[in-house]
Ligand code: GDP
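What follows is a single chain, given as structure tokens, in the form predicted on its own.
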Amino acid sequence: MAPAVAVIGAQWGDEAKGKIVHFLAKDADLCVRFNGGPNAGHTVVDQYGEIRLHQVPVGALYPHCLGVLAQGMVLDLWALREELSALKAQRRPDPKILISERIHLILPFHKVREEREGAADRIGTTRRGIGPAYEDRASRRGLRFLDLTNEELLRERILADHKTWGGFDPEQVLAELLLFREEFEKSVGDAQGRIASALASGKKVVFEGAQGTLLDVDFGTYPYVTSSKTTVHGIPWGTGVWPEFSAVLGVAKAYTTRVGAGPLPTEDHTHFGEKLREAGREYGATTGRPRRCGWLDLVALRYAQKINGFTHLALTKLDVLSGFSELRVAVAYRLEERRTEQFPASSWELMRAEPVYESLPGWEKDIQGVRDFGKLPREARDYVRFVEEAVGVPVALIGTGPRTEDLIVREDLWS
């Protein structure tokens, strides 16, 4: 088996996984998305400019790297077409993609259902139809890409959902799906077989996780979660392969953010939280919503490490902390006068948790673009080491700016 690297969000998503995957994929043969759909927003800043990818794997920005959309995803073909057009508008090379024939499709009535069922307002979803598409998949009434070859089945299903939900033109949807079948026909195939064959033949594969561990449908802050597996366990679930990983990389910001509803124990409602938001440009890549911001939560990060078995961490956006004279880090929670270092399974309990902070000295020097660990201020180096000691795994990569090359590399994850 060739080495494989898993890139997993260690917080509530938006950890700058896109930047990390883009860096790793320059040496990869395949880049595989295994969960989620257009609710993901992976931002890359390179020589072509800034691009926000929602379904196309980040590695596909390299001509040598095949981007695989595996069967664990749900796919919006309309959004995929727009994404590919945006890449073309930046005069980028046409990405090489392989879409699993088994991938389930997001259809217009999924978005209608999500709005009418109130999920977007109740738990803060992205209004992209993700939940209803996964719901149909689980209840065995979903449509997969391979079903586009069965026009009778398509018509029956689309008319049935139009009768139930309305809100779209069924004949137009049917016609567009048949056009998509022709448009993407050469990009569809056996993704599981391709990934397995690549690993067996010694090719390098990076697995690109979407969202974050604390949004996992089983291990996240339920019900304020997404509808898929966002942990490392989602890789065999979403691809049908069991790689031998050279690294399981947990990606975490040097602070904490969250979009939408749900508990966020270290959220800061003062000017510090606002300063983090503005300095870090903390607005959702998919929705544009302002992210809730707060201090680094080591209780949550240790929990993510326990669930995923991270071998390494990538600590991103360290540069955003420049200019803070004091940094606070949550090392425990207080629950009804009881101190705990355990992450509660109950969201309702977590909402009542009060963080127990430890203060660390900050630094004034602007560190954006620094690529040598030794050139960081001593306080910044101490902050990284504090995280390493608290979580129990080394920080292999440190993000110091928005561009892919704004990165301190402390360890080769492919070896």
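One rule holds for the numbers: they count along the sequence shown, beginning at 1. The shown structure was predicted, so the numbers you read here are calculated from the model rather than taken from an experiment.
Below, we refer to the form predicted together with the named molecule, which is not included among the displayed structures.
- This chain lacks the partner; the member of Arg381, Arg352, Arg52, His64 within 4.5 angstroms of the named molecule in the predicted bound form by a non-hydrogen atom is Arg52.
- Site annotation in the predicted bound form: the residue of Val299, Leu296, Leu105, Val320 reaching within 4.5 Å of the named molecule with a heavy atom is Val320.
- A residue is said to contact a partner when one of its heavy atoms sits within 4.5 Å of a partner heavy atom; Leu360 fails this definition for the named molecule in the predicted bound form, lying far away.
- Taking the partner from the other structure, the named molecule in the predicted bound form has a heavy atom within 4.5 Å of a heavy atom of Lys19.
- Using a 4.5 angstroms threshold between heavy atoms, Thr43 counts as touching the named molecule in the predicted bound form.
- Using a 4.5 Å cutoff between non-hydrogen atoms, Lys229 does not count as a contact of the named molecule in the predicted bound form.
- In summary, the region of this chain contacting the named molecule in the predicted bound form, judged by heavy atoms within 4.5 Å and restricted to 327-335, 150-158, 309-317, 238-246, corresponds to 309-317.
- In sequence order, Gly399, Thr400, Gly401, Pro402 are the residues of 380-404 having a heavy atom within 4.5 Å of the named molecule in the predicted bound form; the partner itself is omitted from this view.
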